[in-house]
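As structure tokens, one chain now follows by itself in the form predicted alone.
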């Protein structure tokens, strides 16, 4: 190995590279995993904070350029990646083994919130994450229909450390995504008429008495509007952040602003806004403009195309990520931007303690 090639110099040079997604140096983010020297060749390993990281090529080029500047004697540079899902360990004090809980909300109904929630779940699974999908919209549970599953959840007995035996509900498996919904327990034609305390109890059962296992992400489909569910979630668990779904027209944007205000009041970070049903009769660009006005990240737009409605009606939301589907690329973009904003929250905020409570 040439004396003019220094591992310390390469580490300092590459560590100073600003991550193009998170906007901070790799060393500060803890993303510079390893630097190896073999003769005049350099191997750099970078740890990505999410499986859905969108800018690997840009980051590899920046890391290689920074390493090259440290010595003229360097021959070959190899940049490789390891991927993990960083998380806040969102289980709080109820024993969930979930790295990140993402709430998906809207200011009003009819904007495709549940479709986006389900799409986030399957999109993050597409990138290799372990994902759960919880339907907290107890008054209008549509997740079972969208993902094509039904029937009462199974129950299993779990032994506690103190020798007790407790029962846990098993979430439904819908194409590799774990799903729980009040819709599994109430006939589709029956209305759910609950006051706040009953709603709180049901949500806590879905969170604490469901055997979710270990998850990278738990997507929570919230009821539309500004009600009790956000308050219950904020008090029970650590939410990584909320995605607010909106259509482009002004009347929907006014309600979306209220939803953002609600999440702020209950101390849930807003990851960003998604424009759904973009184009066609609803127009386009209104959500991006409102997000910029409010200083909220814009996560992308999902076009108003028949394929999304048809696959949702058929209980085949997962098929939106098949090759050749027109909705695939815009939905994957939304998933990647959401994952990056979650990673940003994890970097910026301390991790909650993980307690093993049954």
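Numbering follows the first chain given and starts at 1. Model, not experiment: these values are computed from the prediction.
The form predicted together with a small molecule exists for this protein as well; it is not shown, and the discussion that follows is about that form.
- Checking 47 to 55, 66 to 74, 306 to 314, 34 to 42 against the small molecule in the predicted bound form, the stretch whose residues place heavy atoms within 4.5 Å of it is 306 to 314.
- Among 287, 181, 114, 100, the residue placing a heavy atom within 4.5 Å of the small molecule in the predicted bound form is 114.
- Of the residues 224, 269, 153, 148, just one reaches the small molecule in the predicted bound form with a heavy atom at 4.5 Å or closer; this is 224.
- The small molecule is not drawn, but in the predicted bound form it has a heavy atom within 4.5 Å of residue 276.
- The small molecule in the predicted bound form is not approached by residue 216, whose heavy atoms all lie more than 4.5 angstroms from it.
- When contacts are judged by a 4.5 Å heavy atom cut-off, residue 110 counts as touching the small molecule in the predicted bound form.
- The closest non-hydrogen atom of residue 59 lies beyond 4.5 Å of the small molecule in the predicted bound form.
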